[in-house]
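First, one chain by itself: the form predicted on its own, in structure tokens.
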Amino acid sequence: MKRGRSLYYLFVPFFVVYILFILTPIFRTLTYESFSYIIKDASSGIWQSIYYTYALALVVALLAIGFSIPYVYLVSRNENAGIKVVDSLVELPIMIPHTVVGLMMLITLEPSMPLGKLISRVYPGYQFLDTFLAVVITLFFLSSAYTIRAVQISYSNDVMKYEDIGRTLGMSPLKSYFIIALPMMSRAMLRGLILSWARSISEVGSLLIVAYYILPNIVNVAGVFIYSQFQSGNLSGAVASSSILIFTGFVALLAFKLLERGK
């Protein structure tokens, strides 16, 4: 017991330092401008940007959930070495600089590029830059790995064993997956959704290239909006908008966490 307590007290300073490291810049941002100034900045357009940012990030997160279900099943149930090599590439988008990701999307999907030309033939009038499509595809490329790995860890470690037990009791693979596996993975899927959603909201670099505006000359995603405020010399406005984004993000994450805890 004493040994356990000594280890506990040894680790407490690290915990405190880390929490202070996270909270100090957040607190500084929230208190940089007066509350009245932040309320005034709310009319700058940041609320509209936050609305579109959160909505598009949710679309991306739901897509990530949809793709993670068949992906995780295929990889976890397959011992093929080629599949395992491909699976190791899932995290690759995370390490690519985000401006590079923007360039990658540009030279892949712009209508003047080979794949873009092919899409244009199927869908006349197809556009990529400064569209919802550009935002969703780029954010999905960057954030889907978080959901896939969260679901994969849950399925590989525990869920697959119970699914196999269901099969030994006479369930078909389809029935055991939908009745046993999916409900058991619901918490992991929610956790993955939160991670992909939050990661999508934080993205700026790639969107500066492919979607500076998501409604031509009208709306930016939140990160780009705040960046444009800063670039125009409006530091106070950028910080005030950041405060609004941080506060709404905290409320949303708290709601997600309460939902996850309920599950």
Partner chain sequence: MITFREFSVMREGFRLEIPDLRLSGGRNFVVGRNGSGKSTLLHSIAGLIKGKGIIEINGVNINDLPPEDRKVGLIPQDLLLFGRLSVENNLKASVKYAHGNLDIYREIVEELHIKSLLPRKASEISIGQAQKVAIARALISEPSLLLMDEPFSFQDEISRLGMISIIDEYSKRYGFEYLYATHNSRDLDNGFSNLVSLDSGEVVEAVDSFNGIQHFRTFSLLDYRNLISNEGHYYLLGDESLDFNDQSGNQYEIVGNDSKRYIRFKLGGEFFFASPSKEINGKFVKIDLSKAKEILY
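Numbering follows the first chain given and starts at 1. Not measured: the values here are computed from a predicted model.
If you look for the form predicted in complex with the partner chain, you will not find it shown, but the lines that follow are about it.
Asks: Taking 110, 119 and 125 as a possible spot, do all three reach the partner chain in the predicted complex with a heavy atom inside 4.5 Å?
Replies: Zero of three within 4.5 Å in the predicted complex.
Asks: Residues in which of 127 to 135, 180 to 188, 93 to 101, 146 to 154 have heavy atoms within 4.5 Å of the partner chain in the predicted complex?
Replies: In the other structure, the partner sits against 180 to 188.
Asks: Is it the case that residue 82, even though its partner is missing from this view, gets within 4.5 Å of the partner chain in the predicted complex, heavy atoms only?
Replies: No.
Asks: Although the partner chain is absent from this view, report whether residue 164 comes within 4.5 Å of it in the predicted complex, heavy atoms only.
Replies: It does: once the partner chain is placed as it appears in the predicted complex, residue 164 has a heavy atom within 4.5 Å of it.
Asks: Given that the partner is absent here, does residue 114 sit within 4.5 Å of the partner chain in the predicted complex, heavy atoms only?
Replies: Contact check for residue 114: no, nothing within 4.5 Å of the partner chain in the predicted complex.
Asks: With the partner left out here, check for me: in the predicted complex, does some heavy atom of residue 74 sit within 4.5 Å of the partner chain?
Replies: No, residue 74 is distant from the partner.
Asks: Do any residues of 168 to 182 have a non-hydrogen atom within 4.5 angstroms of the partner chain in the predicted complex? If so, which ones, in sequence order?
Replies: Contacting residues: 168, 169, 170, 171, 172, 173, 175, 179, 180.
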